[in-house]
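The chain below stands alone and is given as structure tokens, in the form predicted alone.
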Amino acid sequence: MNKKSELAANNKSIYAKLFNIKYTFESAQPLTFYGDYYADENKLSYVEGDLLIKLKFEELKGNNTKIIIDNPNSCKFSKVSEKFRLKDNLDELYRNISTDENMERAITAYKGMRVTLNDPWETTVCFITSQFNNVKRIRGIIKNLINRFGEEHIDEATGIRFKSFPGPEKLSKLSKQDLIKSGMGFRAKYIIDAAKVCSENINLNKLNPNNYNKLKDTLMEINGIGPKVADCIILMGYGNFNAFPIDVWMKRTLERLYFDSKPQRIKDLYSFSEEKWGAYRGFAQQYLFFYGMKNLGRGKANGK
């Protein structure tokens, strides 16, 4: 984006080229799990660290959007730009992943959907929680976790009280039963294990986001993080598009779209994604995942 499109008048609004908040929020990203989107008003509220961020969106022509900060004294646009990766050139990204009619349909249907960039710890907790789960339940669990164990803050601009996402140090001191009460179920053990490792041995914020293989190996040292969860964290917690998360649903979506519904080995699907979309395969994955979720249907794609 050029300077004209990045800068905002009065530091209260910003013009974003190719950005659709509805698709971005609905596409099962960490923001989906801990934020609140009000479709009738086209407003979004979420917590970033110790900041409450309240945004309003005005849709413009050509899948473009005007973003307005409702509490401008509490938030800078740099935070919003980083969250939604507004400096990414989506036209260029689309050119790199538009390799076939399936992808072209996905892009056309959900143009402007962004892959968000989130705190690595929050992303880790969200995707450990996502295992054998659905979006509605994940949202409920994460909300319970924040309400029970998050630190309370007050937004200076509005006076609204809110809670921040509990860090690994806080969660490492909890019992498994504490987390089970939040709805974690069998995942409680893995969350506590991850919290202990991330508060004592691995500083997630100091890992190199650009070294995909080393980053994935390090994340998978944490009990409860397998290849799929690690790839989700790398994609949405570190912004590395080399990650290509494949769960049962994504596997069947790929098989349905590219292999006439014939079963494929996951390692072969990884190779397929690398050959087809290269260093942009993580971006391609999000579009295929959302397209499959919205259009193929669980019954049509044999379900998860």
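Only a predicted model underlies this, so the values are computations on that prediction, with no experimental measurement involved. Throughout, we count residues from 1 along the sequence that is shown.
Only in words, not in the display: the form predicted together with the DNA, which the text now covers.
The candidate site formed by 28, 137 and 223 is fully in contact with the DNA in the predicted bound form, as each residue has a non-hydrogen atom within 4.5 angstroms of it. Checked against the DNA in the predicted bound form, the residues 57, 272, 46, 249 give one hit for a heavy atom within 4.5 Å, which is 249. A single residue from the set 229, 97, 204, 192 has any heavy atom within 4.5 angstroms of the DNA in the predicted bound form; that residue is 229. In the predicted bound form, none of the heavy atoms of residue 276 sits within 4.5 Å of a heavy atom of the DNA. The closest non-hydrogen atom of residue 114 lies beyond 4.5 Å of the DNA in the predicted bound form.
Although the partner is absent here, residue 236 sits close enough that one of its heavy atoms falls within 4.5 Å of the DNA in the predicted bound form. Residue contact with the DNA in the predicted bound form: residue 123 places no heavy atom within 4.5 Å of it. With the partner omitted here, the stretch from 256 to 264, 61 to 69, 239 to 247, 46 to 54 that lies within 4.5 Å of the DNA by heavy atoms in the predicted bound form is 239 to 247. Contacts to the DNA in the predicted bound form (heavy atom within 4.5 Å) from stretch 116 to 131: 127, 130, 131.
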